[in-house]
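The chain below stands alone, shown as structure tokens; this is the form predicted on its own.
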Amino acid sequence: MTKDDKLTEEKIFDAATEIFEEKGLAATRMQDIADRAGINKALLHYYFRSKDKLFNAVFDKLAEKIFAKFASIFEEDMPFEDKIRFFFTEHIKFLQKNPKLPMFIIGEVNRSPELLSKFLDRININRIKEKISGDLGDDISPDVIPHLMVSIISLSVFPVAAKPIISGILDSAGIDYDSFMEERIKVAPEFVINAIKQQQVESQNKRK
């Protein structure tokens, strides 16, 4: 691939990402992407034969950004509480810079659940679950781990995905949304950490 080919492909990919995030797969036309990229439709088809092929490439890239990058945090060699704090700091800041991404992922996965299942297999989600379980030890039941994982994602993603709702609630209370999100970087991980500690105490009491 020549340098010009690579630049054209990147231009198409960036344009497709913007259009797919705005409209989703079903409502997007190849002509929309060609227009956004500033090329003709024939050239677009030369690089990407079909809308589905281009969409799959975009979805994998975006899912990689929102899942794989942050899932790897739990592989780091640091205390688990530090991992939780680091995850929320990095993930919330990332989502603030990419506010359309959560709804795009949710919408497309609702349309085609296999998109996410294939991706989660690729990043080995079971390995992440095992790593979290290993970090927490015997004081946390394995049955609690999936709830913990979902809670971590929800606490991070929901305020961004549901920004109009959250903003309305905060406005009525005289609270600025951006200030709230800055506070959330500190508050959200403590909710998770305190919940884990409570589970550990209950587990220890049961063994007494």
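Between two forms, the rigid core is defined as the largest C-alpha subset superposing within 1.5 Å. Residue positions are given as counts along the sequence shown, with the first one as 1. Just so it is clear, the structure is predicted and the values come from calculations on it, not from any experiment.
Although not depicted, the form predicted together with another copy of the chain is the subject of the following passage.
Problem - Heavy atom distance at most 4.5 Å to another copy of the chain in the predicted complex, all of 68, 117 and 204 - result: No, the whole trio is out of contact, none within 4.5 Å by any heavy atom.
Handout entry: 4.5 angstroms heavy atom contact with another copy of the chain in the predicted complex for residue 50
Key = No, residue 50 is distant from the partner.
Handout entry: Contact of residue 31 with another copy of the chain in the predicted complex (heavy atom, 4.5 Å)
Key = Although another copy of the chain is absent here, residue 31 would stay clear of it in the predicted complex, with no heavy atoms inside 4.5 Å.
Problem - residue 40, heavy atom within 4.5 angstroms of another copy of the chain in the predicted complex - result: Contact with another copy of the chain, no.
Practice task
Consider residue 62 of the chain shown here, and say whether it contacts another copy of the chain in the predicted complex, taking contact as heavy atoms within 4.5 Å.
Solution key: No, no contact at 4.5 Å.
Practice task
Sequence order please: the residues of 73 to 110 with a heavy atom within 4.5 Å of another copy of the chain in the predicted complex.
Solution key: The stretch 73 to 110, when checked against another copy of the chain in the predicted complex, contributes 100, 103, 105, 106, 107, 109, 110 at the 4.5 Å heavy-atom cut-off.
Handout entry: residue 150: Cα shift of 2 Å or greater between the shown form and the other one (core-aligned)
Key = False for residue 150: its C-alpha shift is below 2 Å.
Handout entry: Core-aligned CA displacement of residue 19 at least 2 Å between the shown form and the other one
Key = The answer is yes; the displacement is at least 2 Å.
Problem - residue 63: Cα shift of 2 Å or greater between the shown form and the other one (core-aligned) - result: Comparing the forms between the shown form and the other one, which are aligned on their rigid core, residue 63 does shift its C-alpha by 2 Å or more.
Exercise for the section: Over in the other structure, so in the predicted complex, do residue 134 and residue 117 pull closer or drift farther apart at the C-alpha level? The difference is 3 angstroms or more. Expected result: Their C-alpha distance grows by at least 3 Å in the predicted complex.
Exercise for the section: Report the direction of the Cα distance change between residue 113 and residue 133 in the predicted complex, compared with the displayed form, as closer or farther; the change is 3 Å or more. Expected result: Farther: residue 113 and residue 133 separate by 3 Å or more in the predicted complex.
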